[in-house]
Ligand SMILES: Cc1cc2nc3c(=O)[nH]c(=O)nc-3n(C[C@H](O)[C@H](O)[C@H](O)COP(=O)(O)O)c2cc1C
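Below you'll find only one chain, the form predicted on its own, shown as structure tokens.
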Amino acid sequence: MVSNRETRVARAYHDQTAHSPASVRTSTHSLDWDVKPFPFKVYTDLPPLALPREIDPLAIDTLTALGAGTAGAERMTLADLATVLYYAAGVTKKRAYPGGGEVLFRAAPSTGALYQTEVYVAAGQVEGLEAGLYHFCPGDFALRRLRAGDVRAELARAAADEAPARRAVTIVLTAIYWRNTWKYQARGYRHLFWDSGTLLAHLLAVGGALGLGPRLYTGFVDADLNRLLGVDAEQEAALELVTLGPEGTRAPPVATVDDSRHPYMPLSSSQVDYPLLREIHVASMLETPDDVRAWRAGGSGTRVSEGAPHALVTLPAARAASGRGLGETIQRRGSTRQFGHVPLSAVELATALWAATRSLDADVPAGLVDLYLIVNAVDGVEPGAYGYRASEHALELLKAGSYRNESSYLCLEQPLGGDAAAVIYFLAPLAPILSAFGNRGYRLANLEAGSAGGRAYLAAYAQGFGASGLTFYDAAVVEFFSPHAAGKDAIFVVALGRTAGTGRVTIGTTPIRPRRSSV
């Protein structure tokens, strides 16, 4: 097996899946609607355990929640768990189409609305729920128990950290490759982390709002965790862990973990394999707890260097509050399909950038991804190309001018990229990241960009405007922002602006209960 340190694999994957005008125009790929994957994983031999449907409204202001990440809850209940799962991965909206078709949209954005991210729950000390390993199905808002008994000690061993054995719950995010590769082919590996990243933005904000002290883990023994979940790593694999809830007594050791897999409903009648995706994932795996500890230590000092600035444009302080609760913001969120040319204010943009760059409680450092912008229509900010310097909360002017046409072109010639008031381009210096973290650093760069994009989404909808994630011409993005961006690679794009048109998805009907008391 290729080692995580053989970083040629990640470099080759990124280069081979890059978009260019030539690659897009010569592609023969078309969508086979007859085999579009079913959007829900449904285990056929396990009974559903219905979750409470009276969901906490999360009235805490969205911007407060994005800046929080707090602990303090003395207990965790099944109602708390239901709230976390609903606002992170539940079905919140639906849209009906002529002819009787219907699409169920979920709380967090997903590229192509394909929802390849799956959610598993390792529960140990949750009031109202027996200890065990569960799968969460958004389709019927239910848990299905895959393993009885407390498995948190095995999670702690895989993560090479004792904390998951004491925290009330660990959420495990996985991805089913085919759900995304059906449309995006081998490039879909990037999407696995963009999409799990946006879901994480929700999960961490909601967990913090409930005082559950969420902590993210990106390092773990992949094979052991996949075996515990009972997933076939050729089709689906673990991506990240998040611990939630107060610390209690350490979970007892797990004697043995059998290689148990439960049958589930087929996603489609046939599927296409993309070996390039599987190759990069296998090459970024860690094999032992010692490998995990060494991996974390090796990257502990890695940061993106901002360098000496060009002319700085001071931004107004981010808003302390938006006036919209986190629950309402998530209910209203939905990727914008058309932007008008009405400008944003400087404080609206500043707040979105502040939210995108909040630090997270995680097992490895953030700060691996740089934010570049094309500003088209922001009151008080001259149109042009900029870099965002988070340490000074300021924009670094790279070149002034109107670049709507260029931004549209960079975003795979999509009008959204030109119509948006501002477009955030996430770039990363992959060479030093891969040197520090190995191939797994490629996961980190894409995950950080996805999570930052998810927080920008929430900040946008909290303030009353829209956002949309976009794909891009890789080399052209770097070239546009060079020489400042020389040596970096394009990772992700999020467009911000005011929505044009009146088409809206409908809000779901999950009943909301009053905020519980703190007693």
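The numbering used is simple: start at 1 and walk along the sequence shown. Keep in mind that what you see is a predicted model, and the values were worked out from it rather than measured.
Here the subject shifts to the form predicted in complex with the ligand, a form of this protein not shown in this document.
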*Tell me which of 469 to 477, 482 to 490, 25 to 33, 51 to 59 has residues with heavy atoms within 4.5 angstroms of the ligand in the predicted bound form?*
469 to 477
*asked:* Using a 4.5 angstroms cut-off on non-hydrogen atoms, would R337 count as touching the ligand in the predicted bound form?
replied: yes
*Hey, in the predicted bound form, is V347 touching the ligand, heavy atoms inside 4.5 Å?*
no
*May I ask you to check whether A113 falls inside a 4.5 Å heavy atom distance of the ligand in the predicted bound form?*
yes
*Flag F136 as yes or no: does it have a non-hydrogen atom within 4.5 angstroms of any non-hydrogen atom of the ligand in the predicted bound form?*
no
*Contact residue in the predicted bound form, from W194, Y189, F437, F220 (heavy atom within 4.5 Å of the ligand)*: W194
_R443, R179, R333, R152 - the one with a heavy atom within 4.5 Å of the ligand in the predicted bound form_ = R333
*asked:* Could you pull out the residues of 401 to 432 that have any heavy atom within 4.5 Å of the ligand in the predicted bound form?
replied: Q414, L416
